[in-house]
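For reference, the chain that follows is the form predicted on its own, supplied as structure tokens.
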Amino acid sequence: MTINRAFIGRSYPPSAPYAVSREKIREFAEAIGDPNPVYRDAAIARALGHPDVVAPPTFVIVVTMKVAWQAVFDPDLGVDYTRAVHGQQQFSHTRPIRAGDHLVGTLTIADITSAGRNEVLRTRVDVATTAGEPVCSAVSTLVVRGGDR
């Protein structure tokens, strides 16, 4: 089965809002082993010009992974997830994610290409606040290993 190239450029509806809390940021920072106090201490974050604690740059994956599943499990797109491996991930931040943010993500199928017997799916998730302020763009590459082609 091949990935449906008619989906290139297609965007999915925005996700439900994700509420960012101090606790979620602290838990993520602990999970990745980053002791930076700006992720845990609001006073330190404010002294650095932030309104509250900020999240590590990779925290956005918590939001974007849920959004990306829309494409991966869309039967009309045709991704065989049992043959897929994660190829690459890029984040471009407009501003840090902060405790108190309510974020939504909009998924777009950026490109679908062939690489030998494999197919490469590139998606972009644009993350913004519920008020429409851009926060981050995440580009993900998924390689679907070839089979019967």
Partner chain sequence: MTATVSYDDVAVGTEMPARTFPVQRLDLIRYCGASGDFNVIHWNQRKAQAVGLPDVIAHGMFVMALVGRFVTDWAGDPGAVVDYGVRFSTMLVVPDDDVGANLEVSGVVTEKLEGRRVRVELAARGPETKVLTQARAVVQLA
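Numbering follows the first chain given and starts at 1. As the structure is a computational prediction, the values presented were derived from the model and not from experiment.
This next part talks about the form predicted in complex with its partner chain, which is not shown.
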{"item": "Non-hydrogen atom within 4.5 Å of its partner chain in the model of the complex for each of Val72, Asp80 and Arg124", "value": "no"}
{"item": "4.5 Å heavy atom contact, Pro35 and its partner chain in the model of the complex", "value": "yes"}
{"item": "Partner proximity in the model of the complex: Gln89 to its partner chain, non-hydrogen atom cutoff 4.5 Å", "value": "yes"}
{"item": "Non-hydrogen atom contact Ile112 with its partner chain in the model of the complex at 4.5 angstroms", "value": "no"}
{"item": "Its partner chain contact in the model of the complex: Ala68, any heavy atom under 4.5 Å", "value": "no"}
{"item": "Any residue of 10 to 30 that, in the model of the complex, places a heavy atom within 4.5 Å of its partner chain", "value": "Lys24, Glu27, Phe28, Glu30"}
